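In structure tokens, one chain follows: the form predicted on its own.
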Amino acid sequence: MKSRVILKVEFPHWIASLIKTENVIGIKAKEAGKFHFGKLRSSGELRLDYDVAVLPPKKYLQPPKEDLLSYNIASFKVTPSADFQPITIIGVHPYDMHGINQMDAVFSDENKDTNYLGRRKNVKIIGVDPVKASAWSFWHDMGTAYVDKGFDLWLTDIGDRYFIEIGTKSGENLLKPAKTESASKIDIERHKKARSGLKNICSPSRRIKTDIKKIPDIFRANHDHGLWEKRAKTCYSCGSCNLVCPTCYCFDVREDMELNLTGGRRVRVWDGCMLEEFARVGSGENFRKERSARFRHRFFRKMVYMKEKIGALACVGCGRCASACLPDIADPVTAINELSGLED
């Protein structure tokens, strides 16, 4: 993989040039020390020193709500609503890049999702290695501290400059306005040292105490464990854990008819397996009416089913579900350790 370096004093000028020519989405500060992905209007808004974004960047690939098509009943005319505007996202962390790679695999499987794939084709990603982690993060144990595909450019802070890995031709083109240099031996060594230090950024208290390769078998052996019922007793079924997760992609499709009943829109919206109506079918039957069944299903989907489907655990260790859960029951770390018999 090709690499370059850019001095930090030059970095804002490069970002400013991208903002002039690209629709740039970057990580920005919110109130109360929170961060989010939003449209950049100046290079000064970009914060690459963040711990975690409130929502993952998946919202730009699979929007919370999108029109799939519009239709006119009288003329039997159907018009696709797809409009995929090119965007460049700056500041994606490795665990979120793993999440995007998983969604790429799912939506390009046998039943290809043309909307997702059309949008993904028009998204360029400039990722960055973390320099800090949230109090809930545990990506150091989930194998998602590093990523080697899916991105166009990848940045690593190596002191007075950024080490840049070039992943695609599009990424190389993004660098053309930048004043970059060839990476020296010292730069390469600093890059290796920064990478090796990533495993020490997450809190030692956020440890998975078992080999992650054993996780699917541990969950299969504990399908009827009392943990599901115990934790579900205080679950609000609010779906917050679904909404903030970078690998949750479930959706509902609805018909939005006009008041005159002559036409309407077909709309896709985010959905979540923790919501009571998620498993209800047309006959009225609900296959996971009990909260404990929904709670267990979410964990099995992350730790068992997706591993069987795409070969990877669908938990990337971002910790968002744990931080968003008011009754504090969604934390994968404590669940994995308890089922492993290795809790404190």
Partner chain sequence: MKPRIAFFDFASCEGDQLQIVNLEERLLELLQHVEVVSFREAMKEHSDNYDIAFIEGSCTRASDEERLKKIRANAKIVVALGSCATIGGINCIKNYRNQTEVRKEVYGDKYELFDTYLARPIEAVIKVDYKVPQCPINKEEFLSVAKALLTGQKPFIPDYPVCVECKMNGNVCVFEKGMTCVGPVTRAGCGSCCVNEGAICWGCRGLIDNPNTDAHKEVLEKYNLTPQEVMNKFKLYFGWSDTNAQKPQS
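Numbering follows the first chain given and starts at 1. What you see is a predicted model, and the numbers here were worked out from it, not measured in a lab.
As for the form predicted in complex with its partner chain, it is not shown, yet the points below apply to it.
- Only one segment in the set 93-101, 147-155, 256-264, 210-218 has residues whose heavy atoms sit within 4.5 Å of its partner chain in the model of the complex; it is 256-264.
- For the residues Asn222, Ser237, Ser170, Thr180, the 4.5 Å heavy atom test against its partner chain in the model of the complex is passed only by Ser237.
- For a residue to qualify, one of its non-hydrogen atoms must sit within 4.5 Å of its partner chain in the model of the complex; none of Ile6, Asp49 and Arg206 qualifies.
- In the model of the complex, at least one heavy atom of Lys233 sits within 4.5 Å of its partner chain.
- Contact check for Pro327: a heavy atom falls within 4.5 Å of its partner chain in the model of the complex.
- The closest heavy atom approach of Lys28 to its partner chain in the model of the complex falls outside 4.5 Å.
- At the 4.5 Å threshold, heavy atoms of Gly38 stay clear of its partner chain in the model of the complex, well away from it.
- Residues from 31-64 that approach its partner chain in the model of the complex with a non-hydrogen atom closer than or equal to 4.5 Å are Glu31, Ala32, Lys34, Val54, Leu55, Pro64, in the order they occur in the chain.
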